[in-house]
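As structure tokens, one chain now follows by itself in the form predicted alone.
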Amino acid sequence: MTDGNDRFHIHRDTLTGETVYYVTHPTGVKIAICPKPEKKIAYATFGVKYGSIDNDFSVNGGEFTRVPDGIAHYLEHKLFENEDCGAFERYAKTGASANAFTAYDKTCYYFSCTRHFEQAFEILLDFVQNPYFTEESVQKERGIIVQEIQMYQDSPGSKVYSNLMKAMYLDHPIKNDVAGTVESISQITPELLYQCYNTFYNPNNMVLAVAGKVDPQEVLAMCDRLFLPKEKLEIVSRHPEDNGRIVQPFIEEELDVPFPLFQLGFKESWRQLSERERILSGIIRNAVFGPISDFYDRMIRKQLINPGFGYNSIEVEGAMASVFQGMSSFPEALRDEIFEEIERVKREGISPRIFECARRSSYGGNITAFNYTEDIADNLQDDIMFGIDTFGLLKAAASVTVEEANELFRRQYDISNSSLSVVRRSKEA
């Protein structure tokens, strides 16, 4: 609906009682604002649909360009610096807390504050839209990022995950670390950074989400004043085709860890998930393997897992998997137990009673997320960026059935297409 001459499309949700203001700015930036006047905190996130896997691209139908791995992450680091004063120094004067991150398929810059929102918001839109790269500053940053890469290589938690990706994917860039390698980032120049910035940091490829103690009209007025118009670009990011099969079923590395770390991944053929499938995936993991399940209780009693046992999903264009992770003294035995449980559930189905508990938990979790400004804005940004209906997810959580769950479970968990990654202590240590 639209109120009078208001530029916003306003969604007033009957399930949550929340109101979200949507608008596509004339520059092309998609905006979502969820005012929460009762909150003391305001939170804003400015994101670009550009991540570590977007290193082979074309613009406006031209030839494809291949750039070094890690350049999206490098760019994120460099945007915080400009000719006069770094963004962190500017934020410190406002009292706002700010940061950024680069993922496989996006880069996000964000801040939260309890006062001086206007000043902090102006800093965000200013430094993200005004890059400044010199040969000297790029060289200086290279040393910092090399240290970061080396830190990840020495981290057992990072290693067990990166090894799993290499065991599951032969060609897809998800197998490469987001930060790149020492060799790949040595090829990054100011010219390449400007090329990637001018390609992907296009308003039509960006999303702004704001939640908390803010006024939508005032936020939009600041956007009108601060957004910089640019020519719209048609960007195509190309990823190598994946054959859908794992590379190897087991990978192991020895590091100095007190207990073995493991990650077990079940690879799927990539497809665009519906809201119902997206919600069901989480409900299934909770119902079959989570703390409310009989399986979880058995594994605790057998001392094959501890309360740190968890699970998540990976979903980027061209790559999709369900992953279990944690510590276990006997990761291979745990993998076999998970395999047995998968086969049992495929035969017998998910317990309707436990499914209903997991469904209600998912529904409640989605409702509860609207209590937190960070969760609201982050979810709105992701949903807009990747074409997901925020409130459609909530409706799906209220209505999905155990029959749908059983059907999806049989498609998701293919034992023959799984990989186990283990990091354990050297036998000589």
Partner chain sequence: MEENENNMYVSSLGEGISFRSVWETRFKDACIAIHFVFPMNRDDVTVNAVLGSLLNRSCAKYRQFSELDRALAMLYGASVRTAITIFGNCQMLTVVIGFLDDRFVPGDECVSGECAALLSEIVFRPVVGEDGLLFDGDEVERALRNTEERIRSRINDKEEYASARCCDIMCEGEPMSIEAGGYLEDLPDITREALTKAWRKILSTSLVEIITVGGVNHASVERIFAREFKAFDRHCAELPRLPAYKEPIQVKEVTERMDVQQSKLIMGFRLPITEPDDRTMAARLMSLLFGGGTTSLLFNNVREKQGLCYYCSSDYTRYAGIMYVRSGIEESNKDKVVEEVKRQLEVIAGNAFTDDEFNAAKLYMISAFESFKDSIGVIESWYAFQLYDGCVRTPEQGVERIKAVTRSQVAECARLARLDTVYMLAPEASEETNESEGGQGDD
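Numbering follows the first chain given and starts at 1. Remember, it's a predicted structure, so these values are computed and weren't measured experimentally.
A second form of this protein, the form predicted together with the partner chain, is not displayed here; the remarks below concern that form.
Is the partner chain close enough to Leu15, Thr114 and Asn371 in the model of the complex that each of the three has a heavy atom within 4.5 Å of it?
Every residue of the spot touches the partner chain in the model of the complex.
Using 4.5 Å between non-hydrogen atoms, is Asp154 touching the partner chain in the model of the complex?
Although the partner chain is absent here, Asp154 would touch it in the model of the complex, with heavy atoms inside 4.5 Å.
Given that the partner is absent here, does Asp297 sit within 4.5 Å of the partner chain in the model of the complex, heavy atoms only?
Yes, Asp297 lies within 4.5 Å of the partner chain in the model of the complex.
In the model of the complex, is there a heavy atom of the partner chain that lies within 4.5 Å of any heavy atom of Thr94, even though the partner is absent here?
Thr94: contacts the partner chain in the model of the complex.
Within a 4.5 Å heavy atom cut-off, is Pro240 in contact with the partner chain in the model of the complex?
No.
Only one of 199-207, 350-358, 165-173, 229-237 has heavy atoms within 4.5 Å of the partner chain in the model of the complex; I'd like to know which.
Of the options given, it is 350-358.
Just to be sure I understand the contacts: of Arg344, Arg225, Arg245, Lys140, which is the one whose heavy atoms reach within 4.5 angstroms of the partner chain in the model of the complex?
Contact with the partner chain in the model of the complex is made by Lys140 alone.
Only one of Thr102, Ser184, Ser322, Ser293 has a non-hydrogen atom within 4.5 angstroms of the partner chain in the model of the complex; which is it?
Of the listed residues, the single hit is Ser293.
Determine the residues of 26-45 with a heavy atom within 4.5 Å of the partner chain in the model of the complex and present them in sequence order; the list may be empty.
Residues within 4.5 Å: Lys36, Glu38, Lys39, Lys40, Ile41.
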